[in-house]
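What follows is a single chain, given as structure tokens, in the form predicted on its own.
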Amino acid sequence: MTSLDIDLPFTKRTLANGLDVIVHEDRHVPIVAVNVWYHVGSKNERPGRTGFAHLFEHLMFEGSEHYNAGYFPPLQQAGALLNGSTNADRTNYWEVVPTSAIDRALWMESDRMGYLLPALTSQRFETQRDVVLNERRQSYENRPYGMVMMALSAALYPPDHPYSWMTIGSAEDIRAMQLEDVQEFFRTYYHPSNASLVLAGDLDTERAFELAEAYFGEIPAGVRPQRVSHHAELSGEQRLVLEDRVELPRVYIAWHSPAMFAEGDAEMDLVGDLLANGKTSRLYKTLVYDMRIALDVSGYQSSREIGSFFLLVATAAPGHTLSEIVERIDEEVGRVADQGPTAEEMDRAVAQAEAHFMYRVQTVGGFGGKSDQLNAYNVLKGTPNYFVADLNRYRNARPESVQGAARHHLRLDRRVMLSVIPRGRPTLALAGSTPVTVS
């Protein structure tokens, strides 16, 4: 295993209005990445009021008071790449621009942070709400296996838990939204004291802070929202069945697991690798290659801020059953819990983790680039200076710690098992499964 030294230098200052500004100089290419994170996601919503954070991912590209038109054209005309995303824990927006266009990018980012609501008309709100409903139909309701995560989330968490609903929100809640509710959500979460700005690339550090102050300094701070905390646990095994427009049955097995950056989180990431990541993984070799009872298998630790889940997924090969697959999965999970990984498996898993870290620092911007990584650490850990410490969580893992994490978290009597089967064929589900409906 090689030892890789990583240096991600930065300077961080906080403006008087609470906006964290982080600057990373990289003069290799004449581009600058502008990356804004708001510490708001679907977990900041509440039952009956879901889908707000994702809706703003759309509304923030539709115009603000001083540029009341589509956000993409003026930046793309300057040669920019740009996008945004929302998940349960955060919302981010980014642009990668030629150095000469940095003022344009900062002006537009600051205008939608400080002056979005004057341009948010009823018509614009209703139009984007319809866009979201159509996205929901295309990406979830009408897609094979598309409603799975809704069923799993509802089973893993009680109804009042902020992870019990999907980021896109329920269709009923989206239709029930009122413009006044949407405006209040923006005022609560989209302001400097709940945001973090990274400027990375071909830009002098002091000049970067001057620009940040010039464009964002006048925006009122807003009140920093309280952190969200909630607990969830499973008291037994739940077996559920969802009928869908699919051809082959598939099983999803989910457990609660440690929160992002918590003790055991990195180990569960490594468990996912050794069990089901790639053709050398245990379950791929057993289920797909040797026994040929599954067409595919995957698994991962879904790390989130207030609590994670660990998921294994396998699709039955024609002529084989989900019970055959689950029997073999349980055997392999039991082996990891009882014996732990081999030294070779540990070396491979840690090497893969190191590679993922290296990929993240190959670019200054975009999803997962250096600017995004600095913001992730700043928002979720309170400091951008966590890259090496984060990587060391994996480097310092040992076979015993991985074994202990698997034994503690992958209990066969504390999980959700969801069979997704072709409509009208209930006998293909795991025995003892209860029908579930999602909408």
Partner chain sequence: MGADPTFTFPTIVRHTLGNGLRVCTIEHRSVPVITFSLQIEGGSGADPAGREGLAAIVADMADEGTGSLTALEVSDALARIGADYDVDVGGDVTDYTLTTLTRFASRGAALLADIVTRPSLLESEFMRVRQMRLDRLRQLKDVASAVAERTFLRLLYGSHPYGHLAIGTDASLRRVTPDDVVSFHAGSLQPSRATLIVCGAMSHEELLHEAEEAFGGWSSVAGDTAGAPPASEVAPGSRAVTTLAVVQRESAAQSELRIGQLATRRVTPDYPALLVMNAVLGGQFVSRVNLKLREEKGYTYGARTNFDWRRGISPFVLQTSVHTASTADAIADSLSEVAAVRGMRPPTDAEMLLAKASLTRGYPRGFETAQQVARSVAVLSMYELPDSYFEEFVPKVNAVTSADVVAAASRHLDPARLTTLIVGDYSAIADSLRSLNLGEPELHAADF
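As the structure is a computational prediction, the values presented were derived from the model and not from experiment. Positions refer to the first chain, counted from 1.
There is another form of the same protein, the form predicted in complex with the partner chain; it is not shown, and what comes next is about it.
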Within 4.5 Å of the partner chain in the model of the complex: all of 64, 106 and 172, by heavy atom? no
Consider the chain as shown here, without its partner, and state which of 292, 227, 207, 231 has a heavy atom within 4.5 Å of the partner chain in the model of the complex. 292
Just one of 154, 259, 117, 246 has a heavy atom within 4.5 Å of the partner chain in the model of the complex. Which one? 246
The partner chain contact in the model of the complex: residue 284, any heavy atom under 4.5 Å: yes
Should residue 236 be classed as touching the partner chain in the model of the complex when contacts are defined as heavy atoms within 4.5 Å? no
Taking heavy atoms only, is residue 158 within 4.5 angstroms of the partner chain in the model of the complex? no
Within 4.5 Å, heavy atoms only: does residue 128 come near the partner chain in the model of the complex? yes
Going by heavy atoms within 4.5 Å, which of 355 to 363, 191 to 199, 302 to 310, 267 to 275 lines up against the partner chain in the model of the complex? 355 to 363
At 4.5 Å, heavy atom to heavy atom, what parts of 65 to 103 sit next to the partner chain in the model of the complex? List them in sequence order, or say none. 72, 73, 76, 77, 78, 79, 80, 81, 96, 98, 99, 100, 101
